[in-house]
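So this first bit is one chain, no partners, the form predicted on its own, shown in C-alpha cells.
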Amino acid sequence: MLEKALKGKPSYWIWLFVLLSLIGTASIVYIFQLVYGLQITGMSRDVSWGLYISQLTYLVGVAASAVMLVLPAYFHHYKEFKRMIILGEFMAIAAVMMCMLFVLVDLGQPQRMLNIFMYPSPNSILFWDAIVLNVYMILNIIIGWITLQAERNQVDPPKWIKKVIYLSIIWAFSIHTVTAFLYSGLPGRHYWLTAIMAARFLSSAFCSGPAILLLLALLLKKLTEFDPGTQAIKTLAKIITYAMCVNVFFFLLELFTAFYSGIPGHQAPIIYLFSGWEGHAEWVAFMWTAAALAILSLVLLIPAKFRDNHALLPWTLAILVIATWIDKGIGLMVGGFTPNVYEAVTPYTPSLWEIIITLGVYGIGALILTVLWKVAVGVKQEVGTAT
C-alpha cells in the first residue's frame, strides 16, 4: 500500500518539499545544540523543562484522542465513525513519534535515551511513560495497517484484531495518565500537585485532539475526494464540546482550591501567569488570550446552530486548539517552575533555536501524517469508501 504515497499532484510534492526543507533546517540547528549543549535554549537550573517537554505533554493528548473515535465505533457500534477511525489511528502514530522526538531533543545527548531501557527503573514514572508510549504506537501501527489492508482486499479484518483494538482503548487512557503522573508526583511544584491532574490531562486531550483531527479531516475533504460524513462531523463536534466544558470546569476547580484555601504556594503560579509576579509578566498576555479563546470556543460550540455551521466550525476548532495549546502546551510548564521553591522568578522564554527545533519535530510529524493519510485516502478511493 505504500506505493500510493509515491503518487500525487504537484501540490502534494511541493508540500513534502516544504516539510523536508523545514526538517533539514531544524536538523542543522539540532547539530548546533549537540555541539554547544542545552545552553542555547531558554532553559536554566530553575527551569529544567521547557518548550520541548511541554510539546510532549500536549501531543500525548493528541495521540490519546484517537480513542474518542475507536470507543464509540467498537463499544457502541457507531458506524458513522468507521470512515474516520483510520485517520485517528494514523494521527496517533505521528503524535507518539513526535512525543519521543521531543524527549530525545530535550535530553541533550540522544544516547541518554538508551539508559531508560538498558537500566530500567520501575520506580521511575519516566520509565513507564516510555513503555506506554512505545506500546501505544505499536498497537496503532498494527491496528491501522491490518484494518486498512482488509479494507483494500474487501474482506473482514481478522477476529484477533478486535482484542488489540480493545487493548488500545485502555492503553490510550494510560499514556496520558502516566504522563500526568510525571507532574503530579513532584511535591515541590504546587501548580502540578493536584489529584485531578490526570483528569485535567484527559479532558484537555479529548477536546484538543479530536479538534485537530476534525480540523485536518475538513481540510482533507477540501483537498481530496474523502468525506468524513456529515453525521460523523456533528457527533465529533458534540464530543469536543462536552470535553471542552469539562476541561474549563476542571481549571475553575483549580482556581477555587487555590484562592479559597488561601495557600500561597498554590496561588503563586496562577498569579504569575495571569497578572505577573514581582514585575515579571512574560506570559500574562498569552494566558489571558488563552482564557478568552477558551470562552469564545464554548460560545461557538455549545449552541447547535453555531456548532453545526460547517463554514464556522473550522474557525471554532482553530480557536479551541490555540487556547488549549497555550494553556497546556506552554502555560502548564512555565507555571510549574515559576515561582521556584525560593519564591523567586527565573524568567523562561523559548529561544529561537528551541522554536526552530520544535518546528522541525512538528515537520517530521506532519511528514509521517501526510504519507500515512495519503495511503489511507488512496486505499479508500480505490475501493470506493472515501465518500
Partner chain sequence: MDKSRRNFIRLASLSALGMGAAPALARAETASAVYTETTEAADMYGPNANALEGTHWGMVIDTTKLTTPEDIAPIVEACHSIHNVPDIGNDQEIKWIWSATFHESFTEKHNHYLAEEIHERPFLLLCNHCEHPPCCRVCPTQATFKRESDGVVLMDFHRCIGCRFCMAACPYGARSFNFGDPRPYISQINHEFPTRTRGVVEKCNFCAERLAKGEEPACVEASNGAIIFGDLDDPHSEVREVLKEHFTIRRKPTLGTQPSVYYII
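Since the model is a prediction, treat every value here as computed from it, not as a measurement. Positions refer to the first chain, counted from 1.
The form predicted together with the partner chain exists for this protein as well; it is not shown, and the discussion that follows is about that form.
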Identify, from the list A318, L359, L38, I326, the residue with a heavy atom within 4.5 Å of the partner chain in the predicted complex.
-> L38
Heavy atom within 4.5 Å of the partner chain in the predicted complex: which of M113, A73, V248, I161?
-> M113
Evaluate P120 for contact with the partner chain in the predicted complex, applying a 4.5 angstroms cut-off between non-hydrogen atoms, and reply yes or no.
-> yes
Although the partner chain is absent from this view, report whether L352 comes within 4.5 Å of it in the predicted complex, heavy atoms only.
-> no
M43 near the partner chain in the predicted complex, any heavy atom under 4.5 Å?
-> yes
At the 4.5 Å heavy atom threshold, is P303 in contact with the partner chain in the predicted complex?
-> no
Pick from 92-100, 224-232, 105-113, 169-177: which stretch has non-hydrogen atoms within 4.5 Å of the partner chain in the predicted complex?
-> 105-113
Heavy atom distance at most 4.5 Å to the partner chain in the predicted complex, all of Q55, A199 and F286 | no
Mind listing which residues of 186-203 have a heavy atom within 4.5 Å of the partner chain in the predicted complex?
-> L186, P187, G188, R189, W192
